[in-house]
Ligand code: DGL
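Presented as structure tokens, the chain that follows is alone, the form predicted alone.
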């Protein structure tokens, strides 16, 4: 039985996944590790992302967790197979759940899909490959890497964020669906929804819940969850963000 889970991200963004896990009461314990000393992963090369991910996996061996969720799209794009090979427990990424969530939301294979991600995630084209395998071809991807440091700096609205959105979205026409292909981005979902009011947002937190319930048959509801927060640098900042977001 999967009761204790580790959640790993390059920074604070993975708290968007933790928020959904807590709301759905899936686990009795969540251990969160943000590699804040080396955020963002999205500008790193694939070998570096793999190395950092394997080091994070070692961290969770101290906590006897039953599963590790890599709440980082860059890790899910480049390191998921290496993590699975190195682990004796299930490893769950966020890209496949995001694609499955989109499938659940629309039968329309002609729906226009906008993928927002880091440089590394967009460069991997993993979302595009999985979506095309499911018959979706009206796809556009944009690397919106400035969004990551904005979230890390707790800038969730205002002039700077609006300027960044205008910069990235100036040539985009109202997509049917927007996949938030970085777990930092749900913390900006209100601003993105205001910019694209007619678009349906798909974010990793809710997608992961649906995926865990369907693939791993995790239905148990725990009224109390013990949440442990760790960071490779400045853990007080992580806890401050968690207090606001969670």
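Since this is a predicted model, take the numbers as computed values, not measurements. Positions refer to the first chain, counted from 1.
Only in words, not in the display: the form predicted together with the ligand, which the text now covers.
Proximity to the ligand in the predicted bound form, taken as a non-hydrogen atom within 4.5 angstroms, holds for one residue of 192, 56, 26, 39, which is 39.
Within this chain, residue 115 is remote from the site of the ligand in the predicted bound form, having no heavy atom within 4.5 Å. Residue 91 falls outside the set of residues with a heavy atom inside 4.5 Å of the ligand in the predicted bound form.
The ligand in the predicted bound form comes within 4.5 Å of a heavy atom belonging to residue 148. The ligand is not drawn, but in the predicted bound form it has a heavy atom within 4.5 Å of residue 121.
Residues placing heavy atoms within 4.5 Å of the ligand in the predicted bound form fall in a single listed stretch, namely 175-183, out of 194-202, 175-183, 211-219, 60-68. Along 1-27, residues 9, 10 each place a heavy atom within 4.5 Å of the ligand in the predicted bound form.
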